[in-house]
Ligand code: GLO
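First, one chain by itself in structure tokens, the form predicted on its own.
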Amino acid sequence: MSMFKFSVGPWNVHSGADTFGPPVRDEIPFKDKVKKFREIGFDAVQFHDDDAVPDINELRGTQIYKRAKETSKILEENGMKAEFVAPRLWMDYRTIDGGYTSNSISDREFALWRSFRSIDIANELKCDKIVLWLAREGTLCYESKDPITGVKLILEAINKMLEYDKKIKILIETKPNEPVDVSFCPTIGHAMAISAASIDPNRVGGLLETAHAILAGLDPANEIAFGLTFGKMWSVHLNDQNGLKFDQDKSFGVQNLRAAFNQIRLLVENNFGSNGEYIGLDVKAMRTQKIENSFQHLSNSLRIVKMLEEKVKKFDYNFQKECIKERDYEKLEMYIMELLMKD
């Protein structure tokens, strides 16, 4: 029995299209995904605004609320919650040059419109979290934007969201690159600084994704720990990554098992989830998977988390203290490797 609650996004089961190839599987209807998520053992669904309200750009006012209510009903029918809503700004033609940090005033206004609508949708889905993956908030050509102005524009947008809704919480999901070349907010430390500078730091926190930390050349557990230090790690997206390349969203623990163990150990030791936080498994099926096996990566990742929880329970903290006292870190390191490789 896991101590955690788990969430997943509908994009984690997809058609297999990537930058270098077209779809290879049929799309599975949202209703069917939610039903299967529940069967696998998930507790909540993560949303982009247009996951919850398809064709959002074509709708206004009551139409958006009506669509959101329909999505909420699907969740209720399957005993699921909504964890957060994230404005999907990076897919629109008006965000070619960024959303909040675009050099175009009208494009920045569009980004805020989508952000406000995401807050409206979150209220309909009975969740209080907005996630900002600042996908294009940076530069492709470094000299095209002033980086100080860029950070100030992100902060200005966040403040406007905080003013729009006095209860909503903003989670900044950090990533150093891709699709931009250089991000204005690449790490959890940067997110914490923006939080501290906002008009209500108590409502601005962070979301750490394993792969994003690895892409920054950082240890995921240390990034999580930094957010926890300030009480601002309000969600995590666990997955895996093979080195400093494109964002792979590999199944959790399949590439860096020891790093995965330390992420789970840290979350267990700090009672993550005691304030209602979810562990998100932001993993994607391999392009080679057949449609009938397109949920397997989710069940695998969930199983690995639970297996690592059991390893944490067996962790000998007294032995750890002895090794630290003796400054025998070789002994401690070998203990960890044996723990992970034993049945």
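In this text, residue numbers run from 1 along the sequence as written. It should be emphasised that the depicted structure is a prediction, and the values quoted were computed from it without experimental measurement.
Another form exists, predicted in complex with this ligand; not displayed. Remarks below refer to it.
At the 4.5 Å threshold, heavy atoms of residue 48 reach this ligand in the model of the complex. Proximity of residue 319 to this ligand in the model of the complex: non-hydrogen atoms within 4.5 Å are absent; the residue sits far from the partner.
The shortest heavy atom separation between residue 11 and this ligand in the model of the complex is within 4.5 Å. At a distance threshold of 4.5 angstroms between non-hydrogen atoms, residue 247 is in contact with this ligand in the model of the complex. Of the stretches 113-121, 222-230, 78-86, 253-261, only 78-86 has residues with a heavy atom within 4.5 Å of this ligand in the model of the complex.
Across the proposed site, 42, 128 and 277 without exception lack any heavy atom within 4.5 Å of this ligand in the model of the complex. Residue 237 is the sole member of 227-243 found to place a heavy atom within 4.5 Å of this ligand in the model of the complex.
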